[in-house]
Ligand code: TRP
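One chain comes next, on its own, written as structure tokens: the form predicted on its own.
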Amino acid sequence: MSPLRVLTGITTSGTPHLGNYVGAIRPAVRASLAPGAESFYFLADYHALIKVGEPARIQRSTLEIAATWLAAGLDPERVTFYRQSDIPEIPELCWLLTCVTGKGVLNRAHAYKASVDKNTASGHDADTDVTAGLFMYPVLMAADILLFKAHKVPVGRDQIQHIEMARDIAQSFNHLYGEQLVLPEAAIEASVATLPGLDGRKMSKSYDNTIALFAPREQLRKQIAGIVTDSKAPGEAKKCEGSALFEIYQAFANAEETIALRTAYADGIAWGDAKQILFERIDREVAPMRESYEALINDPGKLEDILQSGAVKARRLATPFIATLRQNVGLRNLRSSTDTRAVKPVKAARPSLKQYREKDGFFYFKLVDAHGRLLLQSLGFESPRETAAAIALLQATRSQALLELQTKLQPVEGVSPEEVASALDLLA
């Protein structure tokens, strides 16, 4: 049995901040030390091109993020650590996957829908400033994952949809060309924190509310001093719930330290004193890494050598696998078969019913054809059991079930009832 493979990437679009460290880097480094797993960590610079049009910024971010991973304790000898753009098999697989991915699948991607909704709300054309890169983002992400046969992909809850789409895309490919691609699963760690930023919203470069991870000591102190608090004076009891300062502290402190600050809040600690406690706690964890980070930043040649070695290691897996996939899809050397009639025909792909959960908390199902085109879409169900029962009814009685479930279905533009009925018949 092959070992568990875990894959994580960070987009090279900015300077790493405390939120990146707590939410992704620290737990990933800890996970890399666990026995019995193969870990893959990559710098997603192709993804950065979707949102950043500044070459120097992408290069600088690549340098900073690579240095951050290593300073935080990632061992490139123990894991496979590489830059996305050093693996030519990734864009090649992306194209193979593009050719089996229905446009309807991509239409439902959260990032694309958010851009369309924003344009519509402002009175612009729905696709204004929407690039093909943004639209195809889920396929490139699927290629990142599927190329290395990753079993688990640690992601935030807002990224779960991309893992589900990667599974859908892999299933479409496997239907056409045989069981070649491993279906990945999202790994959500409930204990991993999402840090608030300086203004209380989620710490994000998009909000310009971040605290740089390896800022110089005095700059770190100044940034922490800028965290927004309420107007309660020293001596007045303060609430921990909803306090960005307390939430950030909790992500770094142990249980005993957290209890101590909670008590201090109840006793009316001054905000200036609370911020000093937070600064000292963060600096205690970050300071030992800061020196290593600065040394790596000042030696880009060493970082480049590490990434190139990682690319060699990654391509030992990627190159033979993409060669197999090329053979499967028919991109073959003509000398490999003198009689094309002898080639075993590919088993016809079939439609499929898929059950999933959306961000609104409700459960849904959809019917897609062999190429991922949406044929039937349900409204939301309150439980997975109700959803499964509706799917079972469709599989058992097909056309009759369409009548019984009509109040729980929404029409799909351009799809006729005959197409839906025909697809359901193929499922029987």
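The first residue of the sequence shown is number 1, and the count goes up from there. It should be emphasised that the depicted structure is a prediction, and the values quoted were computed from it without experimental measurement.
Although not depicted, the form predicted together with the named molecule is the subject of the following passage.
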{"query": "In the predicted bound form, segment of 134-142, 352-360, 232-240, 268-276 with a heavy atom within 4.5 Å of the named molecule", "finding": "134-142"}
{"query": "Partner contact for K366 in the predicted bound form: the named molecule, 4.5 angstroms, heavy atom", "finding": "no"}
{"query": "In the predicted bound form, L307 touching the named molecule (heavy atom, 4.5 Å)", "finding": "no"}
{"query": "Any non-hydrogen atom of L7 within 4.5 angstroms of the named molecule in the predicted bound form", "finding": "yes"}
{"query": "N20, heavy atom within 4.5 angstroms of the named molecule in the predicted bound form", "finding": "no"}
{"query": "Candidate from L97, L325, I224, V153 lying within 4.5 Å of the named molecule in the predicted bound form - any heavy atom", "finding": "V153"}
{"query": "H47, R26, R373, R398 - the one with a heavy atom within 4.5 Å of the named molecule in the predicted bound form", "finding": "H47"}
{"query": "Residues within 4.5 Å of the named molecule in the predicted bound form, restricted to 158-177 and counted by heavy atom", "finding": "Q159"}
